[in-house]
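The chain that follows stands alone, in the form predicted on its own, written as C-alpha coordinates.
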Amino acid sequence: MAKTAQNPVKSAETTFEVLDALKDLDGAGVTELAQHLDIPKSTVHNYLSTLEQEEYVVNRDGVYEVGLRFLELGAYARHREKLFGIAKPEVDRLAAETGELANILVEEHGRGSYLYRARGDKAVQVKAHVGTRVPLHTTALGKAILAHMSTERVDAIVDRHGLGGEASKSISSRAELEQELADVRDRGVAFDDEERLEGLRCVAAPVLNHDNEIIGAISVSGPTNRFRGDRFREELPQKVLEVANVIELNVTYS
(Lines give C-alpha, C1' and ligand atoms only; values in the text may rest on other atoms or scores of the structure.)
Protein backbone atom coordinates (compact mmCIF):
# COMPACT_ATOMS: atom_id res chain seq x y z
CA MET A 1 0.00 0.00 0.00
CA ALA A 2 1.28 3.49 -0.86
CA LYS A 3 2.53 5.63 2.02
CA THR A 4 0.43 8.78 2.27
CA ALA A 5 1.36 10.31 5.64
CA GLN A 6 3.57 13.39 5.33
CA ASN A 7 5.78 12.42 8.27
CA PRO A 8 5.00 8.78 9.15
CA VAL A 9 6.05 7.54 12.58
CA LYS A 10 8.10 4.40 12.03
CA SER A 11 7.30 2.84 15.40
CA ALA A 12 3.57 3.27 14.78
CA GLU A 13 3.92 1.64 11.35
CA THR A 14 5.78 -1.29 12.89
CA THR A 15 3.11 -1.69 15.58
CA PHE A 16 0.42 -2.11 12.95
CA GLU A 17 2.64 -4.41 10.89
CA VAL A 18 2.96 -6.63 13.96
CA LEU A 19 -0.80 -6.64 14.52
CA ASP A 20 -1.56 -7.35 10.86
CA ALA A 21 0.93 -10.22 10.91
CA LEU A 22 -0.66 -11.71 14.03
CA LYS A 23 -4.00 -11.66 12.22
CA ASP A 24 -2.61 -13.12 9.00
CA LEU A 25 -0.75 -15.86 10.87
CA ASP A 26 -3.69 -16.51 13.20
CA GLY A 27 -1.37 -16.06 16.16
CA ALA A 28 2.38 -16.53 16.36
CA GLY A 29 5.33 -16.83 18.67
CA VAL A 30 8.19 -14.33 18.80
CA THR A 31 10.49 -16.34 16.52
CA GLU A 32 7.86 -16.98 13.83
CA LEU A 33 6.78 -13.35 13.86
CA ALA A 34 10.35 -12.09 13.65
CA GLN A 35 10.99 -14.31 10.64
CA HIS A 36 7.72 -13.26 9.00
CA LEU A 37 8.46 -9.54 9.43
CA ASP A 38 12.24 -9.85 8.98
CA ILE A 39 13.02 -7.86 12.12
CA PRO A 40 15.06 -8.85 15.22
CA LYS A 41 13.44 -11.10 17.81
CA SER A 42 14.26 -8.59 20.55
CA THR A 43 12.37 -5.88 18.68
CA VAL A 44 9.36 -8.14 18.14
CA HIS A 45 9.39 -9.07 21.83
CA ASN A 46 9.39 -5.41 22.85
CA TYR A 47 6.42 -4.61 20.63
CA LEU A 48 4.46 -7.66 21.78
CA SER A 49 5.19 -6.95 25.44
CA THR A 50 3.93 -3.40 25.07
CA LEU A 51 0.81 -4.49 23.21
CA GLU A 52 0.12 -7.10 25.86
CA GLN A 53 0.60 -4.48 28.59
CA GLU A 54 -1.98 -2.27 26.89
CA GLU A 55 -4.29 -5.32 26.50
CA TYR A 56 -4.35 -5.32 22.70
CA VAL A 57 -2.77 -8.77 22.40
CA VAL A 58 -2.90 -11.87 24.57
CA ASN A 59 -0.14 -14.38 25.25
CA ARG A 60 -1.34 -17.98 25.29
CA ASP A 61 1.63 -20.15 26.27
CA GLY A 62 4.03 -18.21 24.08
CA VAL A 63 1.64 -17.73 21.17
CA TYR A 64 0.52 -14.12 20.80
CA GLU A 65 -2.94 -13.38 19.42
CA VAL A 66 -4.95 -10.26 18.65
CA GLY A 67 -6.99 -9.40 21.74
CA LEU A 68 -10.66 -8.68 22.20
CA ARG A 69 -9.99 -5.06 23.06
CA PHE A 70 -10.10 -4.42 19.33
CA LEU A 71 -13.69 -5.62 19.38
CA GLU A 72 -14.56 -2.69 21.64
CA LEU A 73 -12.99 -0.26 19.18
CA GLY A 74 -14.67 -1.95 16.23
CA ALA A 75 -18.08 -1.84 17.89
CA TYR A 76 -17.59 1.85 18.62
CA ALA A 77 -16.56 2.57 15.02
CA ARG A 78 -19.60 0.69 13.69
CA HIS A 79 -22.10 2.46 15.93
CA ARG A 80 -20.56 5.78 14.91
CA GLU A 81 -21.78 5.11 11.36
CA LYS A 82 -25.29 6.55 11.06
CA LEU A 83 -26.12 4.08 8.28
CA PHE A 84 -25.69 1.09 10.60
CA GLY A 85 -28.51 1.93 13.00
CA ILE A 86 -30.87 3.02 10.24
CA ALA A 87 -30.21 0.20 7.77
CA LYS A 88 -29.89 -2.74 10.17
CA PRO A 89 -33.63 -3.49 10.64
CA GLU A 90 -34.26 -3.23 6.89
CA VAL A 91 -31.34 -5.53 6.09
CA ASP A 92 -32.65 -7.99 8.70
CA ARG A 93 -35.98 -7.92 6.85
CA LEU A 94 -34.25 -8.41 3.48
CA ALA A 95 -32.49 -11.51 4.81
CA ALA A 96 -35.68 -12.91 6.31
CA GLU A 97 -37.77 -12.35 3.17
CA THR A 98 -35.21 -13.77 0.73
CA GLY A 99 -33.78 -16.46 3.02
CA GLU A 100 -30.31 -15.38 1.90
CA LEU A 101 -27.32 -13.44 3.23
CA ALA A 102 -27.92 -9.66 3.34
CA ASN A 103 -25.15 -7.10 3.80
CA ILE A 104 -24.27 -3.47 4.47
CA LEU A 105 -20.96 -2.15 3.11
CA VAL A 106 -19.34 1.27 3.46
CA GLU A 107 -16.20 2.70 1.89
CA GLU A 108 -13.23 3.82 3.94
CA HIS A 109 -9.70 4.51 2.69
CA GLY A 110 -10.70 3.22 -0.74
CA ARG A 111 -11.76 -0.23 0.46
CA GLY A 112 -15.13 -1.71 1.32
CA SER A 113 -15.83 -2.64 4.96
CA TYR A 114 -18.70 -4.93 5.89
CA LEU A 115 -20.69 -3.01 8.49
CA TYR A 116 -23.37 -5.61 9.09
CA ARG A 117 -24.51 -9.03 7.83
CA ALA A 118 -27.86 -10.74 8.38
CA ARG A 119 -28.55 -14.39 7.67
CA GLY A 120 -31.77 -15.82 6.26
CA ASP A 121 -32.76 -19.42 6.83
CA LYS A 122 -30.95 -20.58 3.66
CA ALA A 123 -27.93 -18.28 3.87
CA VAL A 124 -24.58 -19.74 2.85
CA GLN A 125 -21.44 -19.46 4.95
CA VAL A 126 -18.83 -17.30 3.23
CA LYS A 127 -15.27 -16.28 4.00
CA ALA A 128 -16.05 -12.81 5.31
CA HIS A 129 -17.42 -11.31 8.49
CA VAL A 130 -18.34 -7.93 9.92
CA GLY A 131 -15.24 -5.77 9.61
CA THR A 132 -13.76 -7.68 6.67
CA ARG A 133 -12.28 -5.25 4.11
CA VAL A 134 -12.51 -6.02 0.41
CA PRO A 135 -11.47 -4.37 -2.88
CA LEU A 136 -14.47 -2.35 -4.03
CA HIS A 137 -14.33 -3.48 -7.66
CA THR A 138 -14.66 -7.17 -6.71
CA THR A 139 -18.11 -6.92 -5.09
CA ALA A 140 -21.56 -5.78 -6.19
CA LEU A 141 -21.66 -3.62 -3.06
CA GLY A 142 -18.38 -1.96 -3.95
CA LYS A 143 -19.36 -1.37 -7.56
CA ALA A 144 -22.63 0.22 -6.41
CA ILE A 145 -20.54 2.63 -4.33
CA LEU A 146 -17.91 3.32 -7.00
CA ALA A 147 -20.62 4.05 -9.58
CA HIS A 148 -21.71 7.06 -7.54
CA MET A 149 -18.27 8.50 -6.91
CA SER A 150 -16.53 11.10 -9.02
CA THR A 151 -14.19 9.93 -11.74
CA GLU A 152 -11.32 11.53 -9.84
CA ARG A 153 -12.13 9.57 -6.68
CA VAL A 154 -12.46 6.28 -8.56
CA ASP A 155 -9.12 6.90 -10.29
CA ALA A 156 -7.46 7.63 -6.95
CA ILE A 157 -8.79 4.38 -5.47
CA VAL A 158 -7.65 2.33 -8.46
CA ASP A 159 -4.22 4.00 -8.38
CA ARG A 160 -3.85 3.13 -4.70
CA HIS A 161 -5.28 -0.38 -4.59
CA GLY A 162 -5.16 -1.65 -8.18
CA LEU A 163 -7.55 -4.00 -9.99
CA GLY A 164 -7.86 -7.75 -10.41
CA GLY A 165 -8.38 -10.17 -7.54
CA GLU A 166 -8.32 -13.76 -6.35
CA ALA A 167 -11.23 -14.84 -8.57
CA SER A 168 -10.68 -15.25 -12.31
CA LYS A 169 -13.75 -13.11 -13.10
CA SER A 170 -12.56 -10.06 -11.15
CA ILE A 171 -12.42 -6.83 -13.14
CA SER A 172 -8.82 -6.35 -14.28
CA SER A 173 -8.80 -3.28 -16.55
CA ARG A 174 -9.92 0.32 -16.23
CA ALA A 175 -11.93 0.13 -19.45
CA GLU A 176 -13.86 -2.84 -18.08
CA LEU A 177 -14.43 -1.04 -14.77
CA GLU A 178 -15.66 2.14 -16.47
CA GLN A 179 -18.17 0.17 -18.56
CA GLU A 180 -19.35 -1.79 -15.53
CA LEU A 181 -19.91 1.37 -13.47
CA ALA A 182 -21.83 2.97 -16.33
CA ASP A 183 -24.05 -0.12 -16.48
CA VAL A 184 -24.63 0.09 -12.72
CA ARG A 185 -25.78 3.68 -13.05
CA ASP A 186 -28.13 2.75 -15.90
CA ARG A 187 -29.65 -0.26 -14.11
CA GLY A 188 -29.66 1.19 -10.62
CA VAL A 189 -28.20 -2.05 -9.23
CA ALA A 190 -24.85 -3.83 -9.35
CA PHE A 191 -24.19 -7.52 -9.89
CA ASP A 192 -21.35 -9.73 -8.70
CA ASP A 193 -21.19 -12.86 -10.85
CA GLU A 194 -18.54 -14.91 -9.01
CA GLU A 195 -16.13 -11.95 -9.14
CA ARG A 196 -14.91 -12.29 -5.55
CA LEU A 197 -15.76 -15.86 -4.62
CA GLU A 198 -16.40 -18.71 -7.03
CA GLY A 199 -19.94 -20.07 -6.70
CA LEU A 200 -21.31 -16.88 -5.13
CA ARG A 201 -23.45 -14.20 -6.76
CA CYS A 202 -24.69 -10.93 -5.34
CA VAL A 203 -27.10 -8.09 -6.13
CA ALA A 204 -26.50 -4.66 -4.57
CA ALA A 205 -28.04 -1.20 -4.56
CA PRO A 206 -26.45 2.10 -3.50
CA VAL A 207 -27.68 4.12 -0.54
CA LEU A 208 -27.60 7.89 -1.09
CA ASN A 209 -28.22 10.73 1.36
CA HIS A 210 -30.46 13.75 0.80
CA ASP A 211 -27.59 15.50 -1.04
CA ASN A 212 -27.43 12.55 -3.47
CA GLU A 213 -24.05 11.53 -2.03
CA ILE A 214 -23.13 7.87 -1.67
CA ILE A 215 -23.00 6.69 1.95
CA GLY A 216 -22.94 2.92 1.45
CA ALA A 217 -24.65 0.01 -0.23
CA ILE A 218 -26.82 -2.98 0.66
CA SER A 219 -26.95 -6.37 -0.99
CA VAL A 220 -28.21 -9.92 -0.94
CA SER A 221 -25.83 -12.81 -1.70
CA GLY A 222 -26.27 -16.49 -2.45
CA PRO A 223 -25.05 -19.52 -4.38
CA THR A 224 -25.19 -19.62 -8.17
CA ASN A 225 -27.73 -22.46 -8.17
CA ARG A 226 -30.28 -20.17 -6.45
CA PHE A 227 -29.13 -16.87 -7.97
CA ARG A 228 -29.96 -17.41 -11.64
CA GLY A 229 -32.50 -16.50 -14.29
CA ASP A 230 -35.25 -14.05 -13.40
CA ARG A 231 -34.60 -14.38 -9.68
CA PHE A 232 -31.05 -13.06 -10.11
CA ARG A 233 -31.76 -10.46 -12.79
CA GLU A 234 -35.30 -9.28 -11.92
CA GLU A 235 -36.80 -10.42 -8.60
CA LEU A 236 -33.87 -9.82 -6.26
CA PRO A 237 -32.80 -6.49 -7.84
CA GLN A 238 -36.34 -5.17 -7.35
CA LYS A 239 -36.34 -6.32 -3.72
CA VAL A 240 -32.93 -4.77 -3.01
CA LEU A 241 -33.96 -1.48 -4.63
CA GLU A 242 -37.13 -1.34 -2.52
CA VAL A 243 -35.16 -1.84 0.68
CA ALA A 244 -32.52 0.73 -0.34
CA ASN A 245 -35.29 3.24 -1.02
CA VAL A 246 -36.73 2.76 2.48
CA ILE A 247 -33.28 3.21 4.01
CA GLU A 248 -32.69 6.40 2.01
CA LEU A 249 -35.98 7.85 3.23
CA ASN A 250 -35.12 6.98 6.81
CA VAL A 251 -31.66 8.53 6.41
CA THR A 252 -33.19 11.71 5.02
CA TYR A 253 -35.88 12.13 7.68
CA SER A 254 -34.15 10.71 10.76
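Quick caveat: nothing in here was measured; it's all calculated off a predicted structure. So that there is no doubt, residue numbering starts at 1 and follows the sequence shown.
The next section is about a form of this same protein that is not shown, the form predicted in complex with another copy of the chain.
K.L.:
Counting only non-hydrogen atoms, which stretch in 131-139, 172-180, 144-152, 93-101 is within 4.5 Å of another copy of the chain in the predicted bound form?
P.N.:
After filtering at 4.5 Å, what remains is 131-139.
K.L.:
In the predicted bound form, does residue 163 have a heavy atom within 4.5 Å of another copy of the chain?
P.N.:
Because no heavy atom of residue 163 falls inside 4.5 Å of another copy of the chain in the predicted bound form, the answer is no.
K.L.:
Look up in the predicted bound form whether residue 15 has a non-hydrogen atom within 4.5 angstroms of another copy of the chain, and give yes or no.
P.N.:
Answer yes; at least one heavy atom of residue 15 falls within 4.5 Å of another copy of the chain in the predicted bound form.
K.L.:
Taking heavy atoms and a 4.5 Å cut-off, does residue 191 contact another copy of the chain in the predicted bound form?
P.N.:
No, residue 191 is distant from the partner.
K.L.:
Do residue 29 and another copy of the chain share at least one heavy atom pair within 4.5 Å in the predicted bound form?
P.N.:
No, residue 29 is distant from the partner.
K.L.:
Since the partner is left out here, which residues of 50-70 would have a heavy atom within 4.5 Å of another copy of the chain in the predicted bound form?
P.N.:
Stretch hits, in order: 50, 51, 52, 53, 54, 55, 56, 57, 58, 60, 65, 66, 67, 68, 69, 70.
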